[in-house]
Structure formats: structure tokens, C-alpha cells
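As a starting point, one isolated chain is supplied in C-alpha cells, in the form predicted alone.
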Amino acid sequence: MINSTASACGKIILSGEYAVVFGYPGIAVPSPLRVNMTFEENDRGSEIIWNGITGNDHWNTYIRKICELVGAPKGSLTIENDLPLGKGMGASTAMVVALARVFGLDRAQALAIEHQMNPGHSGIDFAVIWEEKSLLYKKGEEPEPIHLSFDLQNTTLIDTGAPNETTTELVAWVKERKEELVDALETIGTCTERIIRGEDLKRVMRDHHRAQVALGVVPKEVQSLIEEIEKKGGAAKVIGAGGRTGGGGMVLTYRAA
């Protein structure tokens, strides 16, 4: 009988949203927020119990699909979740990784499930969540651990609400417009290089945000919020796929020490 517990972190992308899909470098760090899962095999059927931030029917269906792919037997799955769902912190990938760990899958097996559950993903979410360390990521290359020259304790997360579009839909929309978005994508890739060089994070984040606006993935209300943060001397950016309508997911704000 299986009785197993495992955990996975979320992720925060400092730079690289969308650009990593096209081969530009990106930087992601593990988030302090996590999802913990406990599976107890029994004959009562497949039961999902949520504690903390609770998933809806969509998330229950998503979890059940992963369970099918990992070959889970009948049993009860308890999810202790701190991660905002569908708001750019890698919750969908964290669910894949946590369940893969519950059932003893290795990295390659977990990545194969990620390909099925999140088609078209860039790979940056999976890399940082699996490794649980800050990584420099470039598509087609092995992720590299990276030391950051600034203190992330000076950052805060703001929940601007869930977007009306899925990440898969948004990535497809950006891919369709790749040619007209080259300048914005190059700017985002350059922001990664600037962070590596140790340039002032506030200045880099402001340029990164403007490039995300040019991509069309920062809703108007979120743009207004970030404008107010900048007026007060800070910087902020959407840390995931963002959105065209609705909320923009989680926004990372930064103030110099």
C-alpha cells in the first residue's frame, strides 16, 4: 500500500517571460510558497482533499489527469497548497512535480508528463521547480545555477487576479505575432543579460515591464498599478504569462534597500 508525501515549490520569473520560448535567456527563482501532497492508497476510490488555496473543478480535473499519467492507484490525495492558482507562479507545473515525486518518478518521467499537461511550455518553470534553485535558463541548453547580486527580501508579491486566458492560449497568441514583437522580445532577453551583469534591478524591471506591455500581456488596470508603484520610486512586473483581459496574475514589486 502506498502512503507517500512530497512537495514542490512555485517559481518567480525575474526576466524572460515569452522570450524564453524563442530562445532568449531567462532567470527564474524558486518561490517560498509551495504545494505539499500526501497520497494514501485505499479501496474507496479517488478522493482529492484541498487545504489552503483550494482548486476548483478545473484543477480537480487537472490533478486527476496527472494521476492517470503517473499510474496512481485508488486512494486519497490531500493537497496542502500555498500557491496562487493560475496566476503566474507555476502552480500547474508544481502539481506535476509534486505528484511525480509522490509516486517516485524521475526527472525525465516528470518532464514527459509536463509536456502532456502543459504543451508548448518553455521549460523554465519545470527547470526551476524541479531543481529548487535560482537558474539561468536558455531553451535547448542545460539550466545553469546563478548567484544574484541583490536581495529578494526587498520584493513583494501582489495578486492582481486571474487572467481570462490560459497560458497556452497566451503563448500561442504571442507566437502568431512573433515578427511584429521582435523588439520587445529582444528587450526582455537583454534584461536577463543586464541582471547577470549586476545592473540595478529597479531599472531593469522597469524596462522589462514596458516590453511586456508591448507584447500585450499586461492588462490596463495592472499597468495603472505598476505606474503608481514607479511614481513612488519602486519597480514592478508581471511574473508569469500575464493576461489580455481580466487580471494579470501575480506582480513582483521591488524597492532598493
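None of these values were measured; they are calculated from a predicted model. All residue numbers refer to positions in the sequence shown, first residue = 1.
One more form of this protein should be noted, the form predicted in complex with a small molecule, which is absent from this view; the next part is about it.
Visitor: The small molecule isn't shown here, but in the predicted bound form which of L14, V20, V238, C9 has a heavy atom within 4.5 Å of it?
Guide: Of L14, V20, V238, C9, the residue with a heavy atom within 4.5 Å of the small molecule in the predicted bound form is V20.
Visitor: Among T167, S134, T160, N81, which has any heavy atom within 4.5 Å of the small molecule in the predicted bound form?
Guide: Of T167, S134, T160, N81, the residue with a heavy atom within 4.5 Å of the small molecule in the predicted bound form is T167.
Visitor: Taking the partner as it appears in the predicted bound form, which of 73-81, 116-124, 103-111, 149-157 has residues with heavy atoms within 4.5 Å of the small molecule?
Guide: Of the stretches listed, the one contacting the partner is 116-124.
Visitor: Contact between L181 and the small molecule in the predicted bound form at 4.5 Å, heavy atoms?
Guide: No, L181 sits far enough from the small molecule in the predicted bound form that none of its heavy atoms falls within 4.5 Å.
Visitor: I'd like to check something about V171: if you look in the predicted bound form, is any of its heavy atoms closer than or equal to 4.5 Å to a heavy atom of the small molecule?
Guide: Judged by the heavy-atom cut-off of 4.5 Å, V171 is in contact with the small molecule in the predicted bound form.
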